[in-house]
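Look below for two forms of one protein chain, each set out as C-alpha cells: first structure 1, then structure 2.
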Structure 1
Amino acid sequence: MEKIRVMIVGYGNVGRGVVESIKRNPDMVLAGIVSRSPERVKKTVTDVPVLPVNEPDVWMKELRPDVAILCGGSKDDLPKQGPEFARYVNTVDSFDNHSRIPEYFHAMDEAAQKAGHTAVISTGWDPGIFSLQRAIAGAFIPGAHAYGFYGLGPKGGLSMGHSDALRTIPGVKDARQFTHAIPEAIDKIRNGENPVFEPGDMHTRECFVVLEEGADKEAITKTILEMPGYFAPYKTTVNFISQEELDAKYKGFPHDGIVLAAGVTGNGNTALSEYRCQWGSNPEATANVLVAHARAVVRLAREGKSGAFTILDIPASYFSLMTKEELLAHCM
C-alpha cells in the first residue's frame, strides 16, 4: 500500500519529535512542513518542502497530505488552527487543556463533519494514553475513580503545555514549568480510599521564567497565578531567572506519570490498578503517540468515517503496524 503522507503543522519541540518518529514508521513519509515562520524552519530543514501556514491551496496541492499533525500550543494555536485545518485535511492534535476538551471536541466535530474529514483530538500521553487508562480502570473496577498524577520524581516533570502558556504572556522571553505530584495524595489511593480531590490537592506547579528587558515582575506573577485552566487552582511558585541559568539547569524535557484506581471486586476483595509511564523526552513521547494516531486517522478516513474522535473511540489495532495475525500471535 502507498505510504501515508504526513504534513507537520508547526515546527517546535513536538514537530521535531514527529520528524524523528516518522523515520521509525516505515508505512509513513514526511510530505512537508507548514509554519508561520517558514524561513526559520528552512535553515534546519532542507530535505522536504517548508511552506507558509496561511496558504492552504499551495500546501494541499504541493504536499498532497493524507493527514496533518498539528503541533501548535493548546492555549492560543489549536483552538483556531484545529477547525481551520479540518476544513482541508484529516488532522491529529494534542490539545491538552482538559477543562476545555468537550468544547474543543464539538468545534472539531462540526468542522470535520462538514468537510467530510476525520480528526483525532487531544492525544498524547495525557490527555491520550492516560485518558484510556482512566476509562479502563473505572470500567474494570466498578465504583473506582481513576486519578492521574504527574512529576513523581524529586525534580518533577516538565509540562510542555503549561510552559507554552507561560511563553504567551507579554514580557516573558522564555519559561519552563515543572509539575510535582503530592505524595500524600497518592498514598491515600494506594490505601484503598477514593478521595474527592480538588485540582490543587494532587499537584503543585513550579515556574522558571526569563523576562524581557523592562518587564513588570509583579504583573506577570499575577497573570500566571490567575491563569484559568493552568495555574489558578494550584499552589504555584514563580521563579525569575536568567536565560543562561534556564538553559544550564533546566535543559531537556523529562516527564512521567501514573494512573491509579482503587476499589473492591464483587466479594469485597480489594483491587488496585496502576499504569505508569516515564519519558526521557516529553515532546518526543507526545510526537510518537501523535504519529500512531495519524495511522489510525487514515484508516478511519479510508472507511468513510468523518468527524472528531478521541483515543477512546478507536480500536487499538488501528494504531499498530502489525497485521491482525501478528497482533493475535504476539499481543494476546
Structure 2
Amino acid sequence: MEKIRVMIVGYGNVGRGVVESIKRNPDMVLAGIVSRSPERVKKTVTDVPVLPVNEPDVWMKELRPDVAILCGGSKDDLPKQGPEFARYVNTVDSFDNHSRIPEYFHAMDEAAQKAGHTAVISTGWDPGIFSLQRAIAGAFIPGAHAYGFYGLGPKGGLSMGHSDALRTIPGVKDARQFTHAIPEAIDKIRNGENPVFEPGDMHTRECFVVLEEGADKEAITKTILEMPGYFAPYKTTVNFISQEELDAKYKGFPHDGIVLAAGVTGNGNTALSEYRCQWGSNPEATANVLVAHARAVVRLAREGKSGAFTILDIPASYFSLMTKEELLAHCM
C-alpha cells in the first residue's frame, strides 16, 4: 500500500509535532514542509524539502501531497491560508477560534467544493475531540449540558493564547499563563446540579511574568487584571519572576482538561459522563489528532467526498490504522 504523502504548511510548535507524529504512523510519509520563512526552517530540518509557501506550482509538482496539514496560527494565518490551500490539495487544520468556526467552515466548504477537494477543519483536542465528547454527551444523555474544564492538575494547564496576550503588554519581556479549574464547580456538575456558570465561576488564572528593565510592576498588574475577556472576568494572580526561573520551572506546553455532562435517564436515575485528556505537550497532542485526521481526509477524498468536514462528520474507523476485522475484535 502506498504511503500517504503529507505536506506541512507552517513550521511552529504544532508543525514540529506533526513531523514527530508522522514517524509514529507507518502509513504516512512526510513529503515536505512549506513555510513563509523557509530559511529559518532549513536550519533545523535537513531531511525533507522545505519550500516557500507562495509557490504552489513548485510544491505541488515536487512534493505531490495527498494532504496538507495546515499548522499556521488561527488568528491571522488560517482564515487566509485555509481557503487558499483548499484550492490545491486536501487539507486538515486546527482552527480554534470557537466563535468563528461556523464562518470558517463555510469559507472552507465553498473553496474545497469548488476545487473538488476535501477539508477537515478545527480539529485537535479543543476544538476536536472535546467537540465530539460534547456532541455525544448531549445525544446519549438527552437534555444534559456538557461543560469543559481545563487545568485540573496542581500546576494547571498552560494557555498559549493567554500567554500571548500577556506578552503583548508593553514592559513584559516574557510570560506564561496557567489556567486552573475550580474543583467546587466540577463537584456541582457531578452532583447533577446542572449549574449556570459565568466564566469566572469555572476557572482561575495564574500569570508568571518577566519584566523588561525599569518596567512599572503596578501598572502592568493593573493592565493584566483589567484586560477584558482574557483576565477581567477571572480571579487572577500575577507573579513576577526572573527569566531563568520561568525557563527552568515552566518549560514545555502541558495542558489537560475534562468534558463532563450530567443528567437523568428513565424516571430520574442519575447519569454522568466524563472524558479527560492529560497532555505533557499540547502541540504534540494536537499534532497526533491532526495526523489521524489526515488519514481520514484521504479516505474521504478517495470515496469522492468533497467539501468541508469536522470531527463530528467522520466515522471513527476512518482515523484508525486497524482493519474492520481488528476494530470489531478489539474495540467493540
Ligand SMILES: NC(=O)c1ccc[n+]([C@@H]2O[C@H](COP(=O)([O-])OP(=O)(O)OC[C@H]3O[C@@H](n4cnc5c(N)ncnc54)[C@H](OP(=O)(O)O)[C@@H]3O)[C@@H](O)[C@H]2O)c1
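Being a predicted model, the structure only gives us computed values, none of them experimental. Here the rigid core means the biggest group of C-alpha atoms that line up within 1.5 Å when the two forms are laid on top of each other. For residue numbers, the reference is structure 1: its sequence is counted from 1.
Between the two renderings of this chain, the form predicted alone is found in structure 1; structure 2 comes from elsewhere. Treated as two rigid parts, the chain shows its smaller part rotated by 21° relative to the larger one between the two structures, based on C-alpha superpositions. Taking the core as reference, the Cα of residue 195 moves 2.5 angstrom between the two structures. With both forms fitted on their core, the C-alpha atom of residue 172 sits 7.7 Å from where it sits in the other form; this compares the forms between the two structures. Summarising the core-aligned comparison between the two structures, the C-alpha atom of residue 217 is found to shift 10.0 Å.
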